[in-house]
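Quick setup: the structure tokens below cover two forms of a single protein chain, split into structure 1 and structure 2.
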Structure 1
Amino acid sequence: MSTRVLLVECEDRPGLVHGITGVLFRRGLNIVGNQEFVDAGTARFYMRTEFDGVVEAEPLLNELRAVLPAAADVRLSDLAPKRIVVFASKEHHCLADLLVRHEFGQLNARLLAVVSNHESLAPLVAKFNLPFHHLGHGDGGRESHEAGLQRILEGYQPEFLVLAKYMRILSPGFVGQFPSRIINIHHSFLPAFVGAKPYHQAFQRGVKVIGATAHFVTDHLDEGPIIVQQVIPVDHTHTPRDLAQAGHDVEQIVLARALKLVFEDRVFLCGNRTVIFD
């Protein structure tokens, strides 16, 4: 028997958990996991419930809406693998990690293709028998480049885009076509060490921790809702090269963790923050 997931977000009020679980009980469904949270600042209620049993989706959702506040967001997920396209540039470490995890079924995702503004990663992607699309900068500027991206994506219809060290800034118009469906990874030095060679800058400052941040992409560069962050200790013995390698390692871990959470429907948006049921 397959497990399904019920996702609820609505205005908070007394009795919500009782009402929701009561509907599931009356339908003969068995709850195998449940998590809920109320954000005090917004008075919003969030709930993720895993259950076993056979049920038609629409009648269940309609009955749930009847016991919830108006405008409640109620969704049912069967945890099917998400359709994704990965964007990359020259750095291989995050892309390579995702390719291996995808090959062994560790992402709950179906990786449809890789798109890059450089050709250097094409041989890597070819080893995994996946489509690789090279779309260079050209002379048309960002608008022309993003039009090319759109043409490529139309052939795949992805649910999510993953920026695996994709070193181009996407326009608000492009981002707006994938609201809360673009996930980015970057080192956690921002905004301290902006621009080229951040690990050399970190070395010069004698940093003691380095880390990575995975977040949803918004119109504001690297300021979208954070999904996962992690830091690791470093010391005076680390060269800039050592720092970069350590940074790459933590970026791989953080991006993979963020994707797992999102693709298992464990992440809710709460303004510019996230509610995560781990």
Structure 2
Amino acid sequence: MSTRVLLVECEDRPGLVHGITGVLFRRGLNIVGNQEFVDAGTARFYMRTEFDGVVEAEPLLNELRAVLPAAADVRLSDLAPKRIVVFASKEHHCLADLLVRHEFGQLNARLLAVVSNHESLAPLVAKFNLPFHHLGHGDGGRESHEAGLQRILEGYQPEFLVLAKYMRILSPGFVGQFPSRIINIHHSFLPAFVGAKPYHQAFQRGVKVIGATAHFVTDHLDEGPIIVQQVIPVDHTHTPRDLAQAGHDVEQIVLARALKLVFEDRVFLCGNRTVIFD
């Protein structure tokens, strides 16, 4: 007997909580945590319920569908570690943080491999005995590069791709194959400073706070649904390089926090916004 998580998203109507909890109650399943949210603008209902007890998935889901609107999205998760592949470039800090958390079983994920457009992080990955795939540039443009990525990913069948400071833009075609399954860390407090060199932009603008944003990747660069954001204060003594260094710590914390939420099935999408039950 172990903890499972029920995830429900549907149009709102009276009696949903009563109906859903009734199904669980009649089957003798013990609710240990329960969170609901109704988005007023869209009238969508979201619910995440942790329960203990032995149950077969399909009969339970069928019984739940019977008390829910026709187009309801109902899922059951056993909170098993997610299968992930991490993309990186030259900066080590986010990748190293994920490798350490993975090594000590704190990521709730099975890190299958690291892919990079540079070779410099190969020795770091080797320390943790994980596969490292180098896929350089200059080999026929983005199309060819992404075909190479595809071939690598086919061998792993990951549930999620994590862009841990991966400094290359993925095409809509590539992104479209992993809907809501690519998570990126952007080194600014989005929507401030989209695009390249956000720390240089922040320096030019003279901001007194910098931040980092973890978000799902969509077709539109830096515009996907935001999962976690956090900031730190800076001042006039910070050069762009100082800003980047100061930002590294917040970047890795924000990415790790976002992955924890996603991998524990705590994040729903609501249009371009996220509903997060933490």
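Each residue is numbered by where it sits in the sequence of structure 1, with counting from 1. Keep in mind that this is a model prediction, so the values were computed, not measured. Rigid core (definition): largest C-alpha set, two forms, superposition within 1.5 Å.
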property	result
Correct structure when looking for the form predicted on its own	1
Flag for H236, CA shift 2 Å or larger between structure 1 and structure 2 after aligning core	yes
